[in-house]
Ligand SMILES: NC(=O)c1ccc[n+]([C@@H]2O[C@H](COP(=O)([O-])OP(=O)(O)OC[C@H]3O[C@@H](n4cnc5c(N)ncnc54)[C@H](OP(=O)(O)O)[C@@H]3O)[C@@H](O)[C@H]2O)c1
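Here's a solo chain for you in structure tokens, the form predicted alone.
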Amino acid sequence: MKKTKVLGTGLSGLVGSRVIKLLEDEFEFVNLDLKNGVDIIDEDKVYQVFQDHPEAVAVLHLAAMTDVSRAYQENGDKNGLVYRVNVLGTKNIVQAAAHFKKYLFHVSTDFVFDGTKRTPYTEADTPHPIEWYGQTKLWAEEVVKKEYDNYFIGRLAFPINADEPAGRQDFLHKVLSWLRRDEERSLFRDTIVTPTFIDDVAQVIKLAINQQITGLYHMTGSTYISPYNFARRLAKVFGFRDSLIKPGSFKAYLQIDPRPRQQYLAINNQELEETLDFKMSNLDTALSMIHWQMGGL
């Protein structure tokens, strides 16, 4: 069976590399990245790739500067790499998708919210980023909406998976590395995150592209939890001592490092699940599956 060709950015990253691994039997991916001589900030290079692959039906836009600390250092700098990649690079991708009439799947972030809401955020909530990374990603969303209409925007939160690409360690693997070394660590007990199983994200991408679903959706897991409780639950699933994980204070940490951070990022995924008729995993299911995928190690 002939594979559906999909142009993609950020396919060598944490999320992209896993997505390719899971969907390579169905999709033929063309990677637009620096390793292949394509800088998404270069409009001509982007257009050339689209022109060279007229049979591609969609573009999966994952590429972004996601280093929040680096973004903080570039705060307000529209000449900085974070802004140029996240906003200008997105504009190039979106305009090329519109010009060549390709379906666009754009990955955004829960960091478009300020993290002050004590109940889960829905798509109806007004974004209010409090740091530069989230601001640039919100601007990227606005570019998508302004420049095109055949798009899917999926806001992703706290991605976890079984793989550990070099230099792209997710929070789950960081915690596992501490537990394997029998290290005690303190993690925030007074913040909330929404862990998302990347394998589910791959299925959302597959369904959205095949069905050409459009709109803005929260592409997140079904559990809201503190990093402290996440790590303790992870320790139990993988057979480590959860007593190694100690409670830490978000508010106390802010007194040491005042960089803006969101405290409560519970994200509601109901609209996505109803539209795609697909259930996003809760944390227990995701951890059990990841443990099995890693050979129970």
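The numbering used is simple: start at 1 and walk along the sequence shown. Keep in mind the model is a prediction, meaning the values are calculated, not measured.
The discussion below concerns the form predicted together with the ligand, not included here.
Note to self: Among the candidate stretches 173 to 181, 209 to 217, 96 to 104, 151 to 159, which one is within 4.5 Å of the ligand in the model of the complex when only heavy atoms are counted?
What the structure shows: Result for this chain: 151 to 159.
Notebook entry, point to check: Has each of S226, I245 and M289 got a heavy atom lying within 4.5 angstroms of the ligand in the model of the complex?
Noted result: Result no, not one residue of the spot touches the ligand.
Notebook entry, point to check: With a 4.5 Å heavy atom cut-off, would you call A235 a contact of the ligand in the model of the complex?
Noted result: Flag for A235 set to no.
Check: Are any of the heavy atoms in V15 no more than 4.5 Å from a heavy atom of the ligand in the model of the complex?
Finding: Yes, V15 sits close enough to the ligand in the model of the complex that at least one of its heavy atoms falls within 4.5 Å.
Checklist line | L254: touches the ligand in the model of the complex, heavy atom cutoff 4.5 angstroms | finding: Residue-level check for L254: no, no contact with the ligand.
Margin query: I'd like to know whether M280 contacts the ligand in the model of the complex, with contact meaning heavy atoms within 4.5 angstroms.
Written below: So M280 does not count as contacting the ligand.
Check: Tell me, which of A56, I267, V49, I40 has a heavy atom within 4.5 angstroms of the ligand in the model of the complex?
Finding: Only one listed residue qualifies here, and that residue is I40.
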